[in-house]
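Let's start with one chain on its own, the form predicted on its own, as structure tokens.
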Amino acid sequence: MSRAWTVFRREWAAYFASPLAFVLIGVFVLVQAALFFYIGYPIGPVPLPGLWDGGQANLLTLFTWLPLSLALIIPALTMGAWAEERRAGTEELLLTYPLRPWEWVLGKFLASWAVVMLLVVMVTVPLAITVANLGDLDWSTVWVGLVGAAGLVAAYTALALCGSALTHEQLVAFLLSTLLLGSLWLLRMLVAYAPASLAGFLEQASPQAHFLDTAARGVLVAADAIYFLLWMGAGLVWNTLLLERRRLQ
């Protein structure tokens, strides 16, 4: 585990060694704030108003955007995690180090997860303070929402890293990861058009059902933790197998 921590520190420093992370953080924070205050969430059968129109002292609109927003920002942050190593030819060198493939995967995953959670916290806390100054905000829903967001970020990040591990082109990695995470987000949109026998499965397979209906509203459910852990575990195992196969070639 200590060697995975070493990888974490290497990757964490690499994220902030280039301006990309700072640009993405700035764009993410500004866009989410604009959506929260002015636009709301107009997607789906029950749209949510922005703060100024709705006048409700909660962060539900912000949390409702997260499954879609993260499906775009996480691939942008993780696309170079493995793809750049392969393009630069450093992956072969990394695999000669006295670290197991799962330690590299875990270290990169933890660093990516920490960066994305930093984005989420930087958006959520200032908006929560603003709302609390304007009305009677229930802070427990904010903290529970962040706990749920941590699970959502973990699942998305583990899957997005697999997209990066499949190619040596960062743009291709971004597109693959976005397609995968976007497909998960779309599952709930398909429920209304699916036959009854399939609708229940699509609903339970959707990340929205395990975040928006529970943690985003201040409720923690054990089944949601299991759901996100399963996706996270699947992504990490898949990533490790891809790396192990290339190490043996």
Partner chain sequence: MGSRTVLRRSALITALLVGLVLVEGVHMALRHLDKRHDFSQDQLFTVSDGTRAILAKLEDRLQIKAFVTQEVRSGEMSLLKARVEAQIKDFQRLAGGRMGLVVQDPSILSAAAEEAHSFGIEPLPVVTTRGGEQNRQLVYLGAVLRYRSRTEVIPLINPWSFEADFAGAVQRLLRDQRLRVGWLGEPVDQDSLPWQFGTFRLLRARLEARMEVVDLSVPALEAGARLPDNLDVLLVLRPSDWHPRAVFALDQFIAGGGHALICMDLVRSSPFGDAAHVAQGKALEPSGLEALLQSWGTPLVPGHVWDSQWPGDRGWVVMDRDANGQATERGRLEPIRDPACPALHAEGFERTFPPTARLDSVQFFWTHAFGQGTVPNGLHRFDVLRSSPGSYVVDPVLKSVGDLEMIEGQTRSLLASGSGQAMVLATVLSGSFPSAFTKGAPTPFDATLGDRHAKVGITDEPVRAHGEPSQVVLVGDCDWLRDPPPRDLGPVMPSASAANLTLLDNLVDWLSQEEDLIAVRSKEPRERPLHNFLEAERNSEGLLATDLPRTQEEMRDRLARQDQAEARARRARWSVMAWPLLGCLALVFLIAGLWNWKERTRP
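No experiment lies behind these values; they were computed from the predicted model shown. Numbering follows the first chain given and starts at 1.
Below, we refer to the form predicted together with the partner chain, which is not included among the displayed structures.
Although the partner is absent here, residue 67 lies well away from the partner chain in the model of the complex, with no heavy atom inside 4.5 Å.
At least one heavy atom of residue 140 is located within 4.5 Å of the partner chain in the model of the complex.
When contacts are judged by a 4.5 Å heavy atom cut-off, residue 194 counts as touching the partner chain in the model of the complex. Residue contact check for residue 186: none of its heavy atoms lie within 4.5 Å of the partner chain in the model of the complex.
Comment: the partner chain is not present in this chain, but in the model of the complex one of 220, 180, 205, 43 has a heavy atom within 4.5 Å of it, namely 220.
A single residue from the set 72, 172, 118, 150 has any heavy atom within 4.5 angstroms of the partner chain in the model of the complex; that residue is 118.
Residues of 110-141 that come within 4.5 Å of the partner chain in the model of the complex, judged by any heavy atom, are 118, 122, 126, 127, 129, 130, 133, 134, 135, 136, 137, 138, 140, 141 in sequence order.
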